[in-house]
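A single chain comes next, written as C-alpha cells; it is the form predicted alone.
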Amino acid sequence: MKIHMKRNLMLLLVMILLVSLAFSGCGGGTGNGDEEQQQPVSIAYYATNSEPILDWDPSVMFSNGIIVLNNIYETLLRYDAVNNEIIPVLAESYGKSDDSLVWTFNIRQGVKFHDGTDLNAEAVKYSIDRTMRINKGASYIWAAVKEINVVDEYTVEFVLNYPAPMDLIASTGYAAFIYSPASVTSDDSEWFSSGQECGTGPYMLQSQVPGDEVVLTKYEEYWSGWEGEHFDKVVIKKVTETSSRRQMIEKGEADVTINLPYEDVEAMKDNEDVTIELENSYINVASYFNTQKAPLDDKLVRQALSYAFPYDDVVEFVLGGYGTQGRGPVPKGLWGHGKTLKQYTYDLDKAKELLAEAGYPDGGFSLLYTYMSGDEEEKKTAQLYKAELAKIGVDLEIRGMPWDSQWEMSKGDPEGRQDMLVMYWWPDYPSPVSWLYNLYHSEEEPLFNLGYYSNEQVDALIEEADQKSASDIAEAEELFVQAQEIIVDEAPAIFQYDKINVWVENNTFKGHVPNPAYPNVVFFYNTYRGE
C-alpha cells in the first residue's frame, strides 16, 4: 500500500509540472482541463534506456521513435506475431487480384485524425505517396508500388510493379503510418520537427523534452472508444542508468522497462511487486565478416572462425540464459526460420583443421572487430571470442566505437574497413526478406550488407521468395530456407544468438502483450492499472 501511495503522489507532482510545461500537437491538447483536474488521472510510465524519439516525421522515423509513434499513429493492418495472423486496424478488410499485383483496402469509416478531420482513402493515398516521395527511413518497403488509386471515399487500391506481400508491408511499425493531409501539406519535415503530430491513434502528443521525455494524453474521440480500463496519460522517459530503472520499477515509480542487466533480473524475480515477462523477440545478433578482404575472402577461414566462437558461453555468461544460439540469419519464431539448418558449434579442433586446409596451419593473422561502445553484451562477447581465437593463433583487436563511427568506417575506403562488425537486426516488416535482402543481397554500394557478401544464386532465391510471399507463404518459406542453406555454408557472418527480451514491470501494470514484430513497443491502449 505504501508503494502505491508513494507512486500516486509522485505521478501527481510529475503531471502538475508536465502540464505547466506542455505544448500541444495538432490535436490541440486535452480540451477539458478543468474537468480533468477534478478527475483522477491514470498514468503509465515507461522508463527506456535511450531517447524516446529522434525524428517526429512518421514517414522518416526508423529508430527509437517506434515506441512513441505506434501509440500516436496507426497503420492499415497489424501483424499478430503470437497467432501469426493479420488483424485490421484502419483497414477493415482487404483483398488482392489473382496475380497479387492489385491490392484493395477498405478503409474504416468514422475515424478522425487528431486535428478533427476524417480518415478516408485520400488520406491513405497521401500518406503513402508522401512516404515514397521523401524516400527516407524504411520507405523502401513500398518499392513494389507502381501507383495508388482512390476508388471511392473509403476504398484505396495499390497497383504493383511485381507481386509483394502488401498485407505484411501495410502492418509495418515503420513508414506505414497514416496521417492527416489537412495538417501536413508538404514533404518538408519542419512541421513535425517543431513537435506536432496528426495521427488517428489512441494518444496525442501533450509535451516533450527533446531527447529526454515524451508525454502522451488520450484522444477523446479515438475510434475504438474508451470503455473499460485504460491509461489517460503515458510518460516515456530516458533513464540511462540501469540501477535507476531497476529502483523505479521496485519502488512503483515506473511501470515498465527493458534491457536491465540479467543479474538484476535474477535478483528481482523474488520481488512480489515486480513481474518479469519473457518475449521470444525477432531481434538477433550476428558478427559480419568482411568477405572482400583477405583472409576472410576464403570460405574455409570464415567457417573456421565460426567454429571458434563460444556460443554456449555467450548465451550462459553474457546473456544469463536469455537467448538461444542463432540458426541462420532469420530468428527463431518468425516464419521462414530454418529449423533444420546446419548450426556451427564451438569446436577448436575443427577450426584448426579448416585453417590448415586454407593455408594457415598456425593462424598467424590479426583481425579488427568493432562493436558499439557502451553495449556490455557486445563487449563481453568480443572478449570471450578474443580469448578463443588466441588458442588457434588468431589475434583479435576489439574496438568499441560509437555506432555512427562504426557506420562511417564500414562504408569508407575498402582498405580501411573493419574485418568484423557486430550488429543487431530486427524487422522492418515481419518477413524473412527483412534480414535476407538487407543483410545478404548483393549491393553496389554498402548500405546494410556490411559483410559485403554477394552470391547471384542467393540474390535470385531471395527475390523469388519475396514475390512468392504475396501468394504462397509455404512456397516462399522453402525458397527462403534454400537461400539460408547457402548463406550458412558460405559463412559470411557468425550467427551469434537470437535474443529473448526481458520486460520488467510493476505488478499493477496489466494488459501488456509483447509483439516481437514491433520491438520494444507497448501498445498502451491495451494496458491498464490493476491489482
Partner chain sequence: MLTKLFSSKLMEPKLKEAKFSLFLLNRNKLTKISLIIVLLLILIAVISPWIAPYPGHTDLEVNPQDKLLPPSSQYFFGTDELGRDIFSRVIFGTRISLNTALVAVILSLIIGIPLGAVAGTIGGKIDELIMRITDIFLSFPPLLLAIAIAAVLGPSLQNAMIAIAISWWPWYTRLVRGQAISLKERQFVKAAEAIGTSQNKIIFKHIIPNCISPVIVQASMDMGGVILTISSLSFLGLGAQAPTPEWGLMISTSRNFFLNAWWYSIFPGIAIFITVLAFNLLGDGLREILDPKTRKN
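Numbering follows the first chain given and starts at 1. No experiment lies behind these values; they were computed from the predicted model shown.
Unshown form predicted together with its partner chain; subsequent notes refer to it.
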* Is there a heavy atom of Phe317 lying 4.5 Å or less from a heavy atom of its partner chain in the predicted complex? -> yes
* **4.5 angstroms heavy atom contact with its partner chain in the predicted complex for Asp264** => yes
* Evaluate Lys299 for contact with its partner chain in the predicted complex, applying a 4.5 angstroms cut-off between non-hydrogen atoms, and reply yes or no. => no
* Using 4.5 Å between non-hydrogen atoms, is Tyr452 touching its partner chain in the predicted complex? -> no
* Asked: Want to guess which of 284-292, 107-115, 340-348, 372-380 is within 4.5 Å of its partner chain in the predicted complex, heavy atoms only?
  -> 372-380
* **Sole residue of Ser97, Thr242, Ser224, Gln325 within 4.5 Å of its partner chain in the predicted complex, by heavy atom** => Thr242
* Asked: So which of Arg417, Arg78, Arg246, His230 reaches within 4.5 angstroms of its partner chain in the predicted complex, heavy atom to heavy atom?
  -> Arg246
